[in-house]
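First comes one chain, alone, set out as structure tokens in the form predicted alone.
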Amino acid sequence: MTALAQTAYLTTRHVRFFLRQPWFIGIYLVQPVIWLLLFGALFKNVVEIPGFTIGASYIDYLVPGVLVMTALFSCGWSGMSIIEDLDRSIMDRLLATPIHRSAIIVGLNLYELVSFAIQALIIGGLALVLGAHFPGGLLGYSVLTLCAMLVGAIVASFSDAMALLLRQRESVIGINTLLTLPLTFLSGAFMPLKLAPDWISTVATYNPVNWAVEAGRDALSSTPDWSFVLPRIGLLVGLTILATAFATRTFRSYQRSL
């Protein structure tokens, strides 16, 4: 069996497990709706702040931020699946086979991205109902979704790596919480960086979440600047590859500890 076939098999395995949890599916799909409605209602008047120049409404500005944040939070729990497999000795049985170690990580991450794609469709549909405008059309929203997926893949790989290194639920949950909130708020997800303190703007320059938000937001505009968007996508792709390689390499550490 090739690495590609192994990856497809493991992705299907995770999807089947997901579909056997109807309550979790409901919560998983409703969560981004709640975020969009709550953040939209809470911050809608910030458009009146001098210098906050956006389109028709705050919802236009908010959609890229909520989409990227959804990927960040959803995929950040990827390591919990690793923990489950460790606790039930499934991981040990997988590692006893000639399966490619990268297929284990990529298969799990693809499952997370498939789940996120459904959330992205829900967010986009609800945003249109709430009056959002996507001048960039389907292409722009697809680019935004791609940027969010890349962020999700980076965070999922890091979460997987922490699960293999630490092998404790509490530790993985703690690291996930420690990273996701600062990464979200140290970006232009909910507020233009020109209205933020200088130090936040500086940090955001090196924040992959901000790369995704800004690239996706520009792609949604009526006249996207692809010389601005594409380099950020390239950075996200490079970081995704590095994060996946790092997660795959942590199997060595786990196996040495057995």
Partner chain sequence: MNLDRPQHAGAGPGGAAINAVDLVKTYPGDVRALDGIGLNVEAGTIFGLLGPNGAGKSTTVKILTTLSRADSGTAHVMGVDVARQPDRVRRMIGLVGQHGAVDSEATGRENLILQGHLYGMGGAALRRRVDELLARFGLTDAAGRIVKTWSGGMQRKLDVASGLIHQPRVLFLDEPTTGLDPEARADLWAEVQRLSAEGLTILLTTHYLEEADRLAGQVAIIDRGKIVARGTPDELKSELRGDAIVVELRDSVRDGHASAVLELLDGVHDPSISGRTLRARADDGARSVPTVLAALDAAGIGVASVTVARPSLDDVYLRHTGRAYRPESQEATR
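Predicted model, so just to flag it, every value in this text is computed and none were measured. Positions refer to the first chain, counted from 1.
Missing here is the form predicted in complex with its partner chain; even so, the following discussion is about that form.
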Decide whether Leu130 counts as a contact residue for its partner chain in the predicted complex under a heavy atom distance cut-off of 4.5 Å.
no
Taking heavy atoms and a 4.5 Å cut-off, does Leu10 contact its partner chain in the predicted complex?
yes
Against its partner chain in the predicted complex, would Val114 count as a contact residue? Criterion: heavy atoms within 4.5 Å.
no
Does Phe246 reach its partner chain in the predicted complex, with heavy atoms at most 4.5 Å apart?
no
In the predicted complex, segment of 173 to 181, 97 to 105, 145 to 153, 117 to 125 with a heavy atom within 4.5 Å of its partner chain:
97 to 105
So which residues in 76 to 92, when you check its partner chain in the predicted complex, have a heavy atom no farther than 4.5 Å from it?
Arg88, Ser89, Ile90, Asp92
